[in-house]
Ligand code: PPE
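Just the one chain here, laid out as structure tokens, in the form predicted on its own.
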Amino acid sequence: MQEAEKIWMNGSLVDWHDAKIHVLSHGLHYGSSVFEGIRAYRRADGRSAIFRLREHMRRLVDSAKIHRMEIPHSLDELCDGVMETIADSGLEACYIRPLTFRDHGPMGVNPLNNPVKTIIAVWEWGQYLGEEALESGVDVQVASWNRPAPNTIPTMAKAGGNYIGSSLIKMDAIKNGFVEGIALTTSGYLSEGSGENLFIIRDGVIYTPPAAFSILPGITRDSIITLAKERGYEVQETPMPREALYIADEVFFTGTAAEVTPIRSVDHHVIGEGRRGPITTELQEAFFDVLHRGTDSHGWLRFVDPASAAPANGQAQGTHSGDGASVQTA
């Protein structure tokens, strides 16, 4: 990891190596944290833009609310904190990690009296599943570990503790010679990858597991559904059995880190022709066109201006459209 000089911590920028927490922090012992993954891209015109910043930060606030954490910063202040951190880093493209956690205080399962802290860090990060994955696809397995059953833990929240299961899925896949794993629900239906949403294409129709199937409702997932429908594709959010993977024409992952990554085989079953298919290619190109080249007709991008990024305690920069996208005025 290439370090930036500063990390935003509870409203102020501090030196990277001074951004520390106590070893008795509740989040370290009990997984009581929520976080986000966001990307800033350097576009072909030389400008840096953050993809769907406000939606990501709203999900951070929502995740915290589900876990009874009250973040002592407004949504606008959190968005400005991201802008300030990127501007200070000088990075033109980066991965963004906001994290809210319960700090040290009373020890024990009850976290209600532990203070809630928030940090924002940025760093350079390439393709999550490998540079060639976006074109050639990846080989995956169906995981032996299931996603949590409904009403066990809230999977709608992007919580640190939820990712213990994801780590098991990922480690097993790598140990078995695959790049990634696909988890099933406790009822045996398709759910998601360790850190990605899942799409299947069969006879021109695009299928994806519904939100009730223990998935994290991804923001990239939502974007791909929007782009697919605009191009005339039928998209169904529906239960699917494991074997739907083996007879699919195309399969792909979506996510902030994975972006749009084709899957070329599952459990050694070759998908389609064993490479990125035509619909996956079309959606991938449409997605990257918004990020790198084309017109942002949905207001998904917020542009970073290092010379005028708002301070953490200043006014929100640009124009906010409700709880949707936040776009810096040009």
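Note that residue numbering begins at 1 and tracks the sequence as displayed. Since the structure is predicted, the reported quantities are computational estimates derived from the model, not experimental observations.
Below: the form predicted in complex with the ligand, not depicted.
Undergrad: Do R147 and the ligand come within 4.5 Å of each other in the predicted complex, heavy atoms counted?
TA: Output for R147 is yes: heavy atoms within 4.5 Å of the ligand.
Undergrad: Though only this chain appears here, would G218 touch the ligand in the predicted complex if you measure heavy atom gaps against 4.5 Å?
TA: Taking the distances in the predicted complex, the answer for G218 is yes, it comes within 4.5 Å of the ligand.
Undergrad: Closest heavy atom of R58 to the ligand in the predicted complex, within 4.5 Å or not?
TA: No, R58 sits far enough from the ligand in the predicted complex that none of its heavy atoms falls within 4.5 Å.
Undergrad: My question is simply whether T256 lines the interface with the ligand in the predicted complex - judged by any non-hydrogen atom within 4.5 Å.
TA: Yes - in the predicted complex, heavy atoms of T256 and the ligand come within 4.5 Å of each other.
Undergrad: With the distance limit set at 4.5 angstroms and only heavy atoms considered, check whether Y30, P111 and G160 all reach the ligand in the predicted complex.
TA: Heavy-atom distance to the ligand in the predicted complex: none of the three under 4.5 Å.
Undergrad: With the ligand left out of view, which of F178, Y95, F213, Y207 would have a heavy atom within 4.5 Å of it in the predicted complex?
TA: Contact check passes for Y95.
Undergrad: I need to confirm a contact call. Of Q141, T185, S194, T118, which residue comes within 4.5 Å of the ligand in the predicted complex, counting heavy atoms only?
TA: Filtering the options by heavy-atom distance leaves S194.
Undergrad: Looking at 219 to 227, 238 to 246, 99 to 107, 79 to 87, which lies within 4.5 angstroms of the ligand in the predicted complex, counting heavy atoms?
TA: The contacting stretch here is 219 to 227.
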